[in-house]
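In the block that follows, a single chain appears as structure tokens, in the form predicted alone.
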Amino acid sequence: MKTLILTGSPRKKGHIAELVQYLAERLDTEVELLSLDHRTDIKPCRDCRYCFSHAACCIQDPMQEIYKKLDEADRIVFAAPVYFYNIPGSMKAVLDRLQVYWAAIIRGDRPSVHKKGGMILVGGAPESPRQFEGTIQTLQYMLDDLGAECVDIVTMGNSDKEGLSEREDVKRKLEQLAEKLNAE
């Protein structure tokens, strides 16, 4: 089993890194961390619709390696800070290129895959009920297109004032996510 954790945080030692490390230490699978930040070598989707008739993207860049990692993973976790109710631009550019997986549904040749997925989201603003809604919806669609059932979502608001060390509730949620991802 392999878990791929895609992170979109520009801060190498920020809250996302801390939460991802806490999760990774509790997973029973091989874990690969893939930072999507500063991936200026990934070109944006051009909506050329090549993938509507071909099982590939016509843009040849490092995204091909990410497709391979996604296909090989049994578990996929998206981890990102939330800026103004959405993911950072570097992660959004990569997600837009996941059009290839949506196009497989249109082509009618989407392989039957049953992966597990999850999300870890952090926001600096004080906790609020709707703080992560937009990001969750976007990432939920991405997991669906990848054939991954979202088993849990971990959110941590108020990160401008508190970190993981002050948030036992978030630690418990990460432990629950690990349990669900570890289950066969």
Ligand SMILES: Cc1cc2nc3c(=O)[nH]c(=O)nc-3n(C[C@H](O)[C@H](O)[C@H](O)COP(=O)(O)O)c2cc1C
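All residue numbers are counted from 1 along the displayed sequence. This structure is a prediction, so every number in the text was calculated from the model and none was measured.
The form predicted in complex with this ligand is left out here; the points below concern that form.
A.B. asks: Non-hydrogen atoms within 4.5 angstroms of this ligand in the predicted bound form: do Phe84, Val122 and Ala125 all have one?
C.D. replies: Yes, each of Phe84, Val122 and Ala125 comes within 4.5 Å of this ligand in the predicted bound form.
A.B. asks: The chain here is shown without this ligand. Which stretch in 22 to 30, 43 to 51, 60 to 68, 153 to 161 comes within 4.5 angstroms of it in the predicted bound form, by heavy atom distance?
C.D. replies: Of the options, only 153 to 161 has residues within 4.5 Å of the partner.
A.B. asks: Indicate whether Gln131 is a 4.5 Å heavy atom neighbour of this ligand in the predicted bound form.
C.D. replies: Yes, Gln131 lies within 4.5 Å of this ligand in the predicted bound form.
A.B. asks: With the partner left out of view, is Arg11 within 4.5 angstroms of this ligand in the predicted bound form by any non-hydrogen atom?
C.D. replies: Within the cut-off, so yes.
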